[in-house]
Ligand SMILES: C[S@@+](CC[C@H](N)C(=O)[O-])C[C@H]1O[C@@H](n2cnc3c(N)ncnc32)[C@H](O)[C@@H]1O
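Just the one chain here, the form predicted on its own, laid out as structure tokens.
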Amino acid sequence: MSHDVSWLEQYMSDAKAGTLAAPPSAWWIVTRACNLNCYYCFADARKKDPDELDTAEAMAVLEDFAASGLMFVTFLGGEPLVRKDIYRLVDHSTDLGLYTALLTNGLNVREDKIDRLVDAGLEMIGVSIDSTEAATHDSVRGVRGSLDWTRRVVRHAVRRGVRTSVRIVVSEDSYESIPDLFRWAVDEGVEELILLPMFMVGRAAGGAEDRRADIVGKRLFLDSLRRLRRLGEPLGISVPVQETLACPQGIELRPPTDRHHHAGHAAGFELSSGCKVGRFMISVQPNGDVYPCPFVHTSIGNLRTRSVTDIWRSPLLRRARGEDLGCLARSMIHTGRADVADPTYRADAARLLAELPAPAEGGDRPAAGDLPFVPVDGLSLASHRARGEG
């Protein structure tokens, strides 16, 4: 890929200004079927939805995206490789000129599957990891051996020269392993690490302490970024540090001069820092419903009946373009509404926690390991098992 990204810089500048006719990026849950059972799954992926878009409908959506000027498409799930037509979708997407990525959990993904995706034009493959320790990762995922499969996918993708991304959801389970995962990704030649806060949506939601868990989880995420910055500095790796928003953060692990560095993808995501609602992305559900982002679970239209440019003009997205509302996922978690400002945005975490009702009996536990807070219900596999959900 060319390292001349001046055109992309202008495109993303227009996106930030809110002047594009369509979103730059779509994160598309192509199926909710999944072969794992992660307790924090934002998509609550279990089985295939009965009204999932079929191949012809999915192809039509891709054609609508290309005609609108949308540039990036990421297929995810559930597990997107469960769809038998995923290779056709990747091939069609890249033929239309869309920059196409895919996120997989890695389980049972043989090298030939990765080769088929790359041969179809896939530009980026991402996997998520919870720990360097198989016992922890496999417990969170609910399948023994899942960490070994994930590592194989990463290593083969790096060998194939496709942009490779490792994603870490910050939880009580992953927190202590994050520095080791960072070093492992660098040593493996991974190009990008993405750190994500744990949002109390999807399967993670429904506990009595969701609001408390969200505030504490946000603190844990921001602290993790600061720890990675200290680790990255001696290696020449720049780790952006957030102060107020706590939005998923990409970290480039290779210098832009590296011959394998996918400069276009990197520039696109670096320039879309901050909340992406209304400016940089939409999230597509298996049935074509469109959410403002993967963590804001409210429909603003359906691609079976409306074009992406029409949906992009929805009142909620217009408001998000015109105002700095913070994180609308947190608006939903704390108020039940996506059309109001995030009450945690630029707010003191200690004050927010003090204003919440006292934790339920037995809800507080002694701090464990290096956790910089008293753990709360909702941020660990153990707490979900205590609810009878794990």
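Residue indices: 1-based, along the sequence shown. Everything numeric in this text was worked out from a predicted model, so none of it was measured.
If you look for the form predicted in complex with this ligand, you will not find it shown, but the lines that follow are about it.
Q | this ligand in the predicted complex: contacting segment from 299-307, 151-159, 228-236, 196-204, heavy atom within 4.5 Å | A | Single hit among the candidates: 196-204.
Q) Might G77 be said to contact this ligand in the predicted complex, defining contact as any heavy atom within 4.5 Å? A) Answer yes; at least one heavy atom of G77 falls within 4.5 Å of this ligand in the predicted complex.
Q: Look up in the predicted complex whether R141 has a non-hydrogen atom within 4.5 angstroms of this ligand, and give yes or no.
A: Yes, R141 sits close enough to this ligand in the predicted complex that at least one of its heavy atoms falls within 4.5 Å.
Q) At the 4.5 Å heavy atom threshold, is T164 in contact with this ligand in the predicted complex? A) It does not: once this ligand is placed as it appears in the predicted complex, T164 has no heavy atom within 4.5 Å of it.
Q. Taking heavy atoms and a 4.5 Å cut-off, does V61 contact this ligand in the predicted complex?
A. Outside the cut-off, so no.
(Q) Going by heavy atom distances of 4.5 angstroms or less, which of S174, S146, T104, T100 would be at the interface with this ligand in the predicted complex? (A) Looking at S174, S146, T104, T100 one by one, just T104 meets the 4.5 Å heavy-atom criterion.
Q: Could you tell me which one of I282, V169, L220, L253 places a heavy atom within 4.5 Å of this ligand in the predicted complex?
A: Contact with this ligand in the predicted complex is made by V169 alone.
(Q) Could you pull out the residues of 112-130 that have any heavy atom within 4.5 Å of this ligand in the predicted complex? (A) Contacting residue: only S128.
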